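The same protein chain appears twice below, in two forms, each given on its own as structure tokens and labelled structure 1 and structure 2.
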Structure 1
């Protein structure tokens, strides 16, 4: 009985700690959403207070000033094609690496793991020079190309771990039934990695949608800017239109929240599967 009570107390303590941590993490988001419905004066005078009324002019002004539908279209194009390119390359490369044997497999895998260690800031100037030489500045292709390159290291590292747990007998049985390598890879192995694929696609989506540095380096044409770059027009070194900036942030967050909620089940499954394996 005493042991049962101890277990219940531990569960309650863990639950309370998780609840407090959840509130701490959500508090900044709640403040941003609350202040999006206030005039600029109310934000500056009472940032922590609830809005007195739903002031929607912030959203209209923010969308008009930042050319919302143009930057939204640019961001969607770059994000969707980056997710497709990075996901496809990651799976194909990981499939090859996981089926190689010996030092070649280990060497290639280590090479991509090192790609995860190098921070973007150390290669920022090189990326800028390379993009200029290859005529990839001011184009969707430049953003998709470099984003895919940066994300592929993580994708390959993740896929290889899961592919090594797929039984080889499964592929041998498909080969006996007459399936070729490509058909085995797409129709037999790939469906087993559904949770991993969805989890990585959501991560690639978040990283691309929220990226500020790379679009800022490669894009100077106002017609090709992404949402994060145009959000910065509301803030300068000496002044900031906080009401418009906060309203723009809320609008830009909506697709991320929708995508995350839609794929939450697969993210949980993918992480659980990874923990077990």
Structure 2
């Protein structure tokens, strides 16, 4: 019994140490959140103290100055449609590639894998020239189009990898039962790849939501900005007023942290799976 208690105490001590380490690690973020509830004077004089009262003026002012709801709407539209478009075309193409045979299949696969090694920074100049020619600047469509194009390389590679594990007999059985090829693809095969789809959706979501570069290049109209670019621009608009900047920072972080907490397991699994592939 005493032995058992000793082990128990050891586990708790270790847990508390790890928790403290975690809090220290995340302390910069915690400090930001705490100080967002203070008037500017208090931030500069005593940033370590807890807020005296729940002071919400910073948030009201920051949300107004940064047009938060418009920017939030823009980001949601661009992100949702990018995830849908990139996910759909990746799945369709991967299905096609994994069912085609011979050199066509191999050639297409290699072409898409090649995209994995192209860093966006090497094409950003050409993309901005091209977007101007195609009238895709200052539009949601431009962001959705280019994002989808960049993401398909990763999407197809991942989907093809997992499609290999779906037995062909299953599809043949469906065909014998009278299902057409389209129905087999949507109703039989697609549901089997649920975890791949979730992983991919999360990655596409985070990449689009957090992107600074593409929206910075394609969007000059302030009313069409996404949340990350907007926060970047907000810094110069606040004139180094820390109370406004950190309130804006907290508001900008909030959606992604809420989503993270809601889908924690999938997000960590998805991101780690994505890195290994």
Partner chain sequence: MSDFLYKKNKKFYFLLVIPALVIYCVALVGPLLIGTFPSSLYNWNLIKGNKKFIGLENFIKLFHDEQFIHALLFTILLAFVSIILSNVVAFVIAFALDSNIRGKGVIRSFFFIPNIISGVMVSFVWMFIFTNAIPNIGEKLHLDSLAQISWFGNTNMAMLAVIIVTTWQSTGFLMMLYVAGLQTLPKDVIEAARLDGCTGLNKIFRIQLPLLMPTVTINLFVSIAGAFKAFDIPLALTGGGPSNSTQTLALNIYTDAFGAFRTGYASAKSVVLFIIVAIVAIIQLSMTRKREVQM
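Positions refer to the first chain, counted from 1. Predicted model only: the values in this text are computed from it and were never measured. What we label the rigid core is the largest C-alpha set whose atoms superpose within 1.5 Å from one form to the other.
Between the pair I just shared, point out the form predicted alone.
Structure 1, which is the form predicted alone, differs in this respect from structure 2.
2 Å or more on the CA of residue 43 between structure 1 and structure 2, with the rigid core superposed, yes or no?
Indeed, residue 43 is displaced by 2 Å or more.
Given a core-based superposition, decide whether the C-alpha of residue 54 shifts by 2 Å or more between structure 1 and structure 2.
Shift at residue 54: 2 Å or more after core fit.
Can a Cα shift of no less than 2 Å be assigned to residue 223 between structure 1 and structure 2, given superposition on the rigid core?
After core superposition, the displacement of the residue 223 C-alpha between structure 1 and structure 2 stays below 2 Å, so no.
Distance the CA of residue 262 travels between structure 1 and structure 2 [rigid core superposed, Å]
Displacement of the alpha carbon, after core fit: 3.4 Å.
If I align on the rigid core, how far apart are the two C-alpha positions of residue 12 between structure 1 and structure 2? Answer in Å.
Looking at the C-alpha of residue 12 between structure 1 and structure 2, the offset is 12.8 Å.
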